[in-house]
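The chain below stands alone and is given as structure tokens, in the form predicted on its own.
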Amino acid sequence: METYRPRRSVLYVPASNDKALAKIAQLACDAIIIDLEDAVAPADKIAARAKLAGIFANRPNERCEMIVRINALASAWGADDLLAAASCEPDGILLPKVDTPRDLLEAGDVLDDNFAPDSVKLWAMIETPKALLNIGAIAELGRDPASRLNCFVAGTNDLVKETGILATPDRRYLVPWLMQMVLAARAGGIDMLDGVSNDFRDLDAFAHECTEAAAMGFDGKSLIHPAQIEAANRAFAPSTEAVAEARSVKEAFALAENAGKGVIALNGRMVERLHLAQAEKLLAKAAAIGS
């Protein structure tokens, strides 16, 4: 069984921003996305790519996952970005503008052909109408380890732009699509990260958005500013009460009199083995966060 890695807080850091890159080791986020795409101006993209080797040669710590978001493979920079990222052996490569399963399979073929280790996973931005229409088939790749697909990231800004919906504070017009993403990710056995919140100064609104996203089933949130890390870590971590409840479920099923039972009674309610699986997952998450 793979070691659980929490992804409560996943911060974009522009590969062109030396000041931000220098602070990576001090950050308490679960993952860093070194961004070659939206956060880097076209004139700076080649220079930003050239920095990848140095960034990963001086990787600050192994606790924090390191991901590279490349430019779209159909762009002038995408193919070279993918090769450069693969040579650094990051924990993952985030593909933007994924529309179909073929986009992931072709990227995976490049990684295989260039002998990237299996530990280099693929993450996919879900940010186009076509991706939403194909999301079930895309997510199904998560069931095949050879595909490398490991995580979805909601590209909410692009979805707003591409569809023309109104971006409201409560995200009412985005919620149906966000729930569709969560459902597909669960069907594919992969993680699902919520999109960014653009106003990093309004931390109260951000904390509320994190709480809502956690209730919707997201594993974490993508961030644009270090000030957002604390609220995300708090919202997507299991509560003390939830950990205690999960522990009681696990301990109850471990009792000799419950050996082999599919359903038991615990504190006046029926508890099934599916609840045991949920409890074990939650405890693994809590342990990973604690470590």
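All residue numbers refer to positions in the sequence shown, first residue = 1. No experiment lies behind these values; they were computed from the predicted model shown.
Unshown form predicted in complex with a small molecule; subsequent notes refer to it.
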Original post:
At 4.5 angstroms, heavy atoms only, are Arg186, Gly188 and Met192 all close to the small molecule in the predicted complex?
Top reply: no
**OP:** Evaluate Tyr173 for contact with the small molecule in the predicted complex, applying a 4.5 angstroms cut-off between non-hydrogen atoms, and reply yes or no.
**Re:** no
Original post:
Would Leu11 sit within 4.5 Å of the small molecule in the predicted complex, counting heavy atoms only?
Top reply: yes
Original post:
Would Ala39 show up as a contact with the small molecule in the predicted complex if we use heavy atoms at 4.5 Å?
Top reply: yes
**OP:** Would you please decide whether Arg269 lies within 4.5 angstroms of the small molecule in the predicted complex, comparing each non-hydrogen atom pair?
**Re:** no
Original post:
Counting only heavy atoms and a 4.5 Å cutoff, which of 44-52, 225-233, 248-256, 261-269 contacts the small molecule in the predicted complex?
Top reply: 225-233
